[in-house]
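Single chain ahead, by itself, as structure tokens, in the form predicted alone.
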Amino acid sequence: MKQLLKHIAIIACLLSILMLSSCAEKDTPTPGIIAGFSQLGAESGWRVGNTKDVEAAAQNAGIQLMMRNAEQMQENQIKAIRSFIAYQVDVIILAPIVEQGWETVLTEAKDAGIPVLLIDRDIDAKDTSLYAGAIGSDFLAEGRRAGEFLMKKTEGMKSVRIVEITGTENSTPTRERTLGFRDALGGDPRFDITISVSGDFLRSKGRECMENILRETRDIDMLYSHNDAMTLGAIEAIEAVGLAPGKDIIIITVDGEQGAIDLLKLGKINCIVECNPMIGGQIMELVKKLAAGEAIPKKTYSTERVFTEWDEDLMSIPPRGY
């Protein structure tokens, strides 16, 4: 009997050891995915919303995110990418401020075996293998949507004098929104883009540009602004000289920030072409695939819409979150 009890005690002890060992294995965290994120800046509510969405999506996905804000300077982005390479992250996420000047540093990332995912904007590189894929808006389509609204809005007008405030020079959204807008107008002689200046996607510069333009002329029928931040600044300048935005000057803007939606409801903006920053979830799905060595589409587009003064459901638009 004593011998039997001894055997039972030994077996119980062994089972306890095995259970503790099993629990220890389960409690030990496995190494996760580390992604380096070079954000170009915080120039607008759109950009801030985009950053927050990416950070939240990374946390929800269990991905460690090393975020670096470049403060609108490409040299800071290049330094950040090199720091990610040195740290040996699994994936590099890059929102490039401009299209040119990336070949050297992205070649370094490629040589290190680290895939690069472009977000929001594209780069101009002959070797497209320097990046695994890109996700963001169809900027050409956004420009066309702005032009299509203007065509409908100005039916019956014999001439339309247009002021355009573009974004950062040599950036993808600036180039493609410019091309798409002109493509939609189709060479119609009624439309005259009298002034086109860069506001660098900044509210302060949008106001400054519009102030300078209004000193030269008030013979303006329409403002096409490449983002809401510049538009809000431009509207301040328009109202400061006693003109009514949305009435005296047709206002078409791109992004869909809450501030712009609020002005659309007040009739101070006529059309907003959405550029959706809330793509964090999609980004993290692509990051997971890249970290696992899987291929991803070369281009993934976000889903977007157009808000206009003619919409019947303007007052029911939910909070934008940016």
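Note that residue numbering begins at 1 and tracks the sequence as displayed. Predicted, not measured: the structure shown is a model, and the values here were computed from it.
Below: the form predicted in complex with a small molecule, not depicted.
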For the three residues 47, 139 and 226, verify that every one has a non-hydrogen atom within 4.5 Å of the small molecule in the model of the complex; reply yes or no. yes
Contact residue in the model of the complex, from 199, 173, 245, 233 (heavy atom within 4.5 Å of the small molecule): 173
Interface membership of residue 164, the small molecule in the model of the complex, 4.5 Å heavy atom rule: no
Non-hydrogen atom contact residue 145 with the small molecule in the model of the complex at 4.5 angstroms: no
So, in the model of the complex, is residue 53 in contact with the small molecule at a 4.5 angstroms heavy atom limit? no
Of 148-156, 120-128, 75-83, 215-223, the segment with heavy atoms within 4.5 Å of the small molecule in the model of the complex is residues 120-128
